[in-house]
Ligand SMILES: NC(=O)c1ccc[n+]([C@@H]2O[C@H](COP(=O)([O-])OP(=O)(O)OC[C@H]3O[C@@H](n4cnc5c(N)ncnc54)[C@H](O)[C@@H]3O)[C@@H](O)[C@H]2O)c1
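Read the single chain below, which is given as structure tokens and is the form predicted on its own.
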Amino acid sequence: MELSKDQGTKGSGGKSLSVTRRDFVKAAAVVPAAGAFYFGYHALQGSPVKAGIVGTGNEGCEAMIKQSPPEFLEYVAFHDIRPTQIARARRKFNELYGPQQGEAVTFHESWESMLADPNIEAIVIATPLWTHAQFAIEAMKAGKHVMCEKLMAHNITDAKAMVRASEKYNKILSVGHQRHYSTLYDDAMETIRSGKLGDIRHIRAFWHRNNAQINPDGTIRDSWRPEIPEADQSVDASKYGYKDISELVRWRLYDRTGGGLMAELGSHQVDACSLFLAALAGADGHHEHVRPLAVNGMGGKWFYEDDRDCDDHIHCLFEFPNGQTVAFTSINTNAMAGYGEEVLGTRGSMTVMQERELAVFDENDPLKKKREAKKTEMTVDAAKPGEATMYSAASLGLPVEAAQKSTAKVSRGYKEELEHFAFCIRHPDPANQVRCDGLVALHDAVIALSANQAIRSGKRLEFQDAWFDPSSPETPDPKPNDMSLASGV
């Protein structure tokens, strides 16, 4: 990224928002909500939005509760069916608000009881994938705005129904593809718009993990197959639609309840890649994607020997207009590469790694006698408690210097997406629109779930415009889902 003298050698531009990185870090020193300054919203006028959360597992506790901004959104209620997660949520509320307010957050034994609470303005959904549509549609019908974790739904039929429910009941539907609220990814898009990379014909995206290591007792250390806590053994999972407690706790492993690697991991990155290609075409916002033309895929259970349905390795190739391609891989047996995207252009290449580092590499100029590789880098350093997040950039061979420090820690996007969700509720205006609404999330769901169909069939699948239209019944869903909640919306 070429930086102006005013911007210095640290950080990057923010042209799309008329905010330079230097402006951002300087303002962040005096503005409590740094994300609000960057993304164009401001502190709430009025009290925080009162919310209830359903689902307090990993995403619910570590993202939706831990990262939530109390000055924008206040949890007043929660619901879960596992004793361990109920206790975990209570600890998180106490950490977030302090013991007095944390203990005052109401636990509801039933979803229906929480939904009936007239004081709740919004529902945050962080439950297993197959339940998203049910909770979202029922919440919007009950007059609540909805923030739903990604992927928005278990199948495209249900995803379309969620969009229609948002329109029918005039409620905000925001979906947790948090890269839409990442300053790092906004910088990446601006780098592409600047022409620094030239013409882009290929992007490599990957999410590689090692869930193949052996525990001392001989079992495989698999994050998607956790041990079932003794306290949860007594839960009657069948009462909630699960076959057994294993399907409840390990829902990501099964086709009935999850969407596999493409839904859980790949959906984030294909979302980012389509935004990158839209930026190349001149798009200046997060509601604009480039739709793929077709997808080829392959995958299988090539390592695990258990009862899971989902593949442990997948490889997909997406064809986009103008001869552009995106290759996505996700494997479970090696974590060296981690996760990220590599954008390959005619003038340069850009890597975005693990939602923390962005680097641009110039292509060698064959007309120059001395060939020099140049690198420009911007990093979002993890802040320790009480410390500031740091933005830095440098050329290869020079020391990496810190940019200015802000007093506000900028997250991977979880905090900002919740802030903006609450802002749009409290400040209703056609100009105030969440960055990943139902239509944007439907685009991501169609791509991810269609890729799963291509993998299963072993055939090239061409995308149809009707699949992206919430008013059309056409989808690539293989058959009506026996747990679909879409009827009647």
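Values in this document were obtained by computation on a predicted structure and should not be read as measured data. One-based numbering along the sequence shown.
Below, we refer to the form predicted together with the named molecule, which is not included among the displayed structures.
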query	finding
Triplet G55, G60 and H268 all within 4.5 Å of the named molecule in the model of the complex via a heavy atom	yes
The single option of Y304, F320, W251, F206 touching the named molecule in the model of the complex, heavy atom within 4.5 Å	W251
Heavy atom within 4.5 Å of the named molecule in the model of the complex - residue from D187, E121, E264, D222	E264
Listed range touching the named molecule, judged in the model of the complex by heavy atoms within 4.5 Å, from 158 to 166, 92 to 100, 294 to 302, 143 to 151	143 to 151
Heavy atom of F361 within 4.5 Å of the named molecule in the model of the complex	no
Distance check, H180 to the named molecule in the model of the complex, heavy atom within 4.5 Å	no
Residue contact check: H79 to the named molecule in the model of the complex, 4.5 Å heavy atom	yes
Proximity of Y414 to the named molecule in the model of the complex, heavy atoms at 4.5 Å	yes
